[in-house]
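Take a look at this single chain in structure tokens; it is the form predicted alone.
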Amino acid sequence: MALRHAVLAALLDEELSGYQLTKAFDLGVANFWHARPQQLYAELTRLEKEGLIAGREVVQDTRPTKRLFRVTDAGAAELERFTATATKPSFIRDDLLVKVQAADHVDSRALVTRLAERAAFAQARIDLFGELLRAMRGDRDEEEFLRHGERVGPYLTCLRGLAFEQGNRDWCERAAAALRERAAACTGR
């Protein structure tokens, strides 16, 4: 997957400015594709040059003129092509796992601290995903929303982000507990 497909998918529902796109990435898309604002603005320029999105200027009375972008028919066709192609499995690449791999040869107290920090970060993301999911489904329960909701794609990706962060939190807590128990056992010898 390339950033281009994540941007096209984010623009499917409505026209967005570059600023609004960065906010959309922060709230929803970032759970499966991280991009800095500079990367998003550069990608908008490329996509527009390729005819996959179209931009239009909106003059505002009290603010600078802004550009709104929408997916073109060519952009929709590119997304259709992309979704039909085989997907490569993803792999974990995480500095924290490298640190934990070395646990038997380093001071585990620092690792326990890093694990606690990551667990806290994951919990904050879990809380955010919970709020986003509740906002998306409104008064419906989850099963009803999944069967009849207007836009299920963003909901499903948010569910994946929630499960990912729950897994991160649970693993961090388990790893930290194991390292604390091992340290206590070594001290007690």
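Throughout, we count residues from 1 along the sequence that is shown. Fair warning: this is a prediction, and the values are worked out from it, not measured in the lab. Definition used throughout: the rigid core is the maximal C-alpha set that superposes within 1.5 Å between two forms.
Omitted from view is the form predicted together with the DNA, to which the following refers.
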Sort through 105, 109, 81, 88 and report the residue having a heavy atom within 4.5 Å of the DNA in the model of the complex. 88
Just one of 151, 160, 140, 67 has a heavy atom within 4.5 Å of the DNA in the model of the complex. Which one? 67
Consider residue 36 of the chain shown here, and say whether it contacts the DNA in the model of the complex, taking contact as heavy atoms within 4.5 Å. yes
Check whether residue 166 has any heavy atom within 4.5 Å of a heavy atom of the DNA in the model of the complex, and answer yes or no. no
Interface membership of residue 6, the DNA in the model of the complex, 4.5 Å heavy atom rule: no
Contact label in the model of the complex: residue 41 to the DNA, heavy atom within 4.5 Å: yes
Where, among 116 to 124, 57 to 65, 151 to 159, 129 to 137, do residues come within 4.5 Å of the DNA in the model of the complex by heavy atom distance? 57 to 65
Residue 63 C-alpha shift between this form and the one not shown of 2 Å or more, rigid core reference: yes
